[in-house]
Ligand SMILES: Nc1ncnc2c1ncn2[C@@H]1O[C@H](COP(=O)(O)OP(=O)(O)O)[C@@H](O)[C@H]1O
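Starting off, we have a lone chain in the form predicted alone, written out as structure tokens.
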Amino acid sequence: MNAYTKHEVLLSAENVGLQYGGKVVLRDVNFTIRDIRRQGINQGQVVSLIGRSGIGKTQLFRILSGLRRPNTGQVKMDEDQHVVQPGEVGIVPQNYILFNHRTIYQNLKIGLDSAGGQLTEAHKRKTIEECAAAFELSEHLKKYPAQLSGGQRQRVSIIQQVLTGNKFILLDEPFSGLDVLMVDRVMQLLLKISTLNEHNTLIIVSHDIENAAAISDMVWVLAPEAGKPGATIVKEYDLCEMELAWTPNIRENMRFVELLADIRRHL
């Protein structure tokens, strides 16, 4: 058993609702992410919001990032639980927003520049080179985004958010369009980022049940309820409590297979 304890709330959604005109898209969305601690490990948090395509995940993504205000409820973050503001949560959208006229080094430097502080140019270069080496991008620093594969651009986009100092990072369908080998590499990258700091929190918004659940400590299912408008959280799975979090070769675990089947039943 992996011993752990849960502590203060890092981010919470409280009664979040969204509608366009008379159409309800999201209704009474509630969930809480708490700081997980494990002895000898900067654990970090990896959680997933899973739902079918067209269910409202993209709109919830925008609300969690502070880029859109819900009609009802609010999203709060950090120890003081203030309402999230644009720019406080790093976002990695599906199209990996990078500046095509800048090299990969220059794109990563934007992350450090926006973080503020008094870092010298030499320190910034050292930090970028260390990150690039850790995530197998050293040979690509002088290239431009168009010269990289989709998986490589995704890694640059994720690392860029890490360099900004954002402890909360939202990822929209991070496994979409990747082959099997690249999916495994991205999963390892996300797990590595989560352990860089105990408060690092990755929030995956996806319809990819298996890959999202495989690296998560919490999973919430976003789906409609019979006879009620809009989508809401219909099921919560605490993988820590189920002793499935941080499990090597989790796909071979029969209890994980049963978990996936149960998630599908609620979608």
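Residue numbers here begin at 1 and follow the sequence given. All of these numbers come straight from a predicted model, not from anything done at the bench.
Another form exists, predicted in complex with the named molecule; not displayed. Remarks below refer to it.
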query: Option from 234-242, 39-47, 213-221, 53-61 whose residues, in the model of the complex, bring a heavy atom within 4.5 Å of the named molecule; finding: 53-61
query: 4.5 angstroms heavy atom contact with the named molecule in the model of the complex for Arg255; finding: no
query: The named molecule contact at Lys23 in the model of the complex, heavy atom, 4.5 Å; finding: yes
